[in-house]
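The chain below stands alone and is given as structure tokens, in the form predicted alone.
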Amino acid sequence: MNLTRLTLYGFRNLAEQRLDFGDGLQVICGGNAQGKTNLLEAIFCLTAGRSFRSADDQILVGQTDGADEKVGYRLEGEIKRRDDALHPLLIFDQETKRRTFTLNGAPLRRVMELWAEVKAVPFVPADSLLVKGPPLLRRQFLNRFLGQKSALYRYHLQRFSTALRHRNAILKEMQRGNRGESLETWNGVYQEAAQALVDERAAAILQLAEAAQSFYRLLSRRGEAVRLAYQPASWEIGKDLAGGARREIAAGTCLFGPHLDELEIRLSGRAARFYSSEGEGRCLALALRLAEYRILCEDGGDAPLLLLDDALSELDGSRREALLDLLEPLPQSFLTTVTIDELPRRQREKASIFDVQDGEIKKRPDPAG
């Protein structure tokens, strides 16, 4: 799928404007704090329903031209797929603090409905926390990846989230000495959904591990083995729920389930979270994102949008060239950079180049035209 048009209003420091994108590599070029990452963030918000930097929509609201008050933001796009076109629209109202989503004019009740239609894979410098940060970030990575890949996963994730919320509330009441008549009812939903998530995660991690290994070797030019080790909080949810009922009541919370899983990333046999360098962590995170992209492509349908923020900065010349060679045949990808000189001449001549300064984005004329 290709993003052919993006209309911006009130988003961070970006000026109100319409941008038209073409096929292939789209290079977003500019100095620090000019708006390059904000542009990728806007594209991701329109495809994922949330930012990759903040869960607070109010932070995303910028100062609109000619206005003294922040009124909200509006993002609208056109995405061409193999057989049709999609028109997502996201509006955040600053006064009511409400977001509204529509796709081709039809309102969406849940963000995950958008994941089924519009797929995107981002890489940002903070993604090194996927490797070195807390388990929550790796669970979020798995949920987003599998939520785009599988309708069944989205279905069970929604059911599990609902059941988890209800079970936690009931267990808290039982901890206080109250009765929990509906616990057994929610146990059934919880067990079924949780087990489905665990099974899908286990299968997908095998795919991720193989692809991440090949990308890491390509980018690092080293032979270290990358291993992904899935560590679920429970392999058999039903058995643990039955045996651990008293412990859960005493704790007042759910103690078994995929909301507590860990995805351990190992490099040369050692836990990368504790033993990898910053450079290795960044390279591992980029390899994971590229693995995610490859698997979503292989899963059928249209290729996702690939959004790479500052992916070249810590790569030497040969590794930059290796990454750019990967991007060259893709239907469309977005890459931010401080200077266009980071790209070899061959890629510069083929790419669409956009300059960003103080939130204003302007496309350079096509040198071939």
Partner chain sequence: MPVFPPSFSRLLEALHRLPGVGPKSAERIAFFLLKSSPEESEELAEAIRLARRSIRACSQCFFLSEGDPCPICRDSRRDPSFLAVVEDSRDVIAIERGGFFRGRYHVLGGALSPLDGIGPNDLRIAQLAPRLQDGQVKEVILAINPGVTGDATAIFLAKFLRALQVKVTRIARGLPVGTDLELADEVTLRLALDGRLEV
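Computed from a predicted structure; not experimentally measured. Residue numbers count along the first chain shown, from 1.
There is another form of the same protein, the form predicted in complex with the partner chain; it is not shown, and what comes next is about it.
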Flag residue 151 as yes or no: does it have a non-hydrogen atom within 4.5 angstroms of any non-hydrogen atom of the partner chain in the predicted complex?
-> yes
Please check if residue 198 has a heavy atom lying within 4.5 Å of any heavy atom of the partner chain in the predicted complex.
-> no
Should residue 186 be counted as a contact of the partner chain in the predicted complex, where contact means heavy atoms within 4.5 Å?
-> yes
Even though the partner chain is not shown here, does residue 181 get within 4.5 Å of it in the predicted complex, heavy atoms only?
-> yes
Listed residue (169, 209, 71, 295) with a non-hydrogen atom within 4.5 angstroms of the partner chain in the predicted complex | 169
Please pick, from 246, 82, 165, 270, the one residue with any non-hydrogen atom lying within 4.5 angstroms of the partner chain in the predicted complex.
-> 165
Of the candidate stretches 103-111, 153-161, 259-267, 225-233, the one with residues having heavy atoms within 4.5 Å of the partner chain in the predicted complex is 153-161
